[in-house]
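Before any questions on binding or motion, here is one chain by itself as structure tokens, the form predicted alone.
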Amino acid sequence: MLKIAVYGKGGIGKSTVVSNVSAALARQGKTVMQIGCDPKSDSTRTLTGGKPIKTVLDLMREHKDSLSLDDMVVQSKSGVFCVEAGGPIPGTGCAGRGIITAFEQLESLHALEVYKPDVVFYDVLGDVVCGGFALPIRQGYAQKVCIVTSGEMMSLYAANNIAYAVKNFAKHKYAALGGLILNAKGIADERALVEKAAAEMETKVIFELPRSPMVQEAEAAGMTVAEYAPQSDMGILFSELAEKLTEAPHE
């Protein structure tokens, strides 16, 4: 079972990348689980027809002790098992603590043992790396961390913070830094900027995704590109990225 945590600054397209890779792997016959770890709870939206699913924390508030895996895990049409951790009621608690609570609930019900995914993706907000948001990096949840970034300054700043957090946990034999995924925004010399930043983080750019209207077109239809137009240029790129993430050795 390969477990990968994907981080990135809010709005960088991280969930779009993860969802397309999940759908591409499902098309290849892999069993995939995607766990959204953002309080916005929109990680899996394009996998589930553009409609949000109930979050683990919302379900816990509603059902308390009677919660089952069938309540929390929704299988998309493409076959991906989708989970949204959720967050606290706005203004009432810590989003990081909410992720910890959701993970504990999934563990107590043995979600990974029941569904036996070949690949698990943790889609994690990277603007802050507090204890909750850092959870997939530590305690054996993920073996590898990949960071989605563009050449924008704040995106690279967030990527650097995440890389620093991963390296801080390295001495405990937790997740390794697997590299940067460049989700291009059309900035001048963008590839060179990101490669320079990657070198400073002592990692590398493992893949580049160009800007494409196909992504917005697919999302408007409530789908991933991997489902909407798998043979398009972007569909093929997401499939190649899926293979890269699952075949590349750990650093």
Ligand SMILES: Nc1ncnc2c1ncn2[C@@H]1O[C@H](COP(=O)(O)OP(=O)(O)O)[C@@H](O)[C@H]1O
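Just count from 1 along the sequence shown to find any residue number. Just so it is clear, the structure is predicted and the values come from calculations on it, not from any experiment.
The following text describes the form predicted in complex with the named molecule, which does not appear among the structures shown.
Enquirer: Since only the chain is shown here, I'm wondering whether residue 215 would be in contact with the named molecule in the model of the complex (any heavy atom pair within 4.5 Å).
Expert: Result yes; residue 215 sits at the interface with the named molecule in the model of the complex.
Enquirer: Going by a heavy atom distance of 4.5 Å, is residue 230 a contact of the named molecule in the model of the complex?
Expert: No - in the model of the complex, heavy atoms of residue 230 and the named molecule never come within 4.5 Å of each other.
Enquirer: Whether residue 195 contacts the named molecule in the model of the complex should be assessed with a 4.5 Å heavy atom distance threshold; does it?
Expert: Because no heavy atom of residue 195 falls inside 4.5 Å of the named molecule in the model of the complex, the answer is no.
Enquirer: Since only the chain is shown here, I'm wondering whether residue 40 would be in contact with the named molecule in the model of the complex (any heavy atom pair within 4.5 Å).
Expert: Yes, residue 40 sits close enough to the named molecule in the model of the complex that at least one of its heavy atoms falls within 4.5 Å.
Enquirer: Identify whether the named molecule in the model of the complex is within 4.5 Å of every residue in the set 11, 45 and 210, based on non-hydrogen atoms.
Expert: Per the other structure, all of 11, 45 and 210 touch the named molecule.
Enquirer: Using a 4.5 Å heavy atom cut-off, which stretch among 215-223, 49-57, 186-194, 66-74 contacts the named molecule in the model of the complex?
Expert: Contact-bearing stretch, as computed: 215-223.
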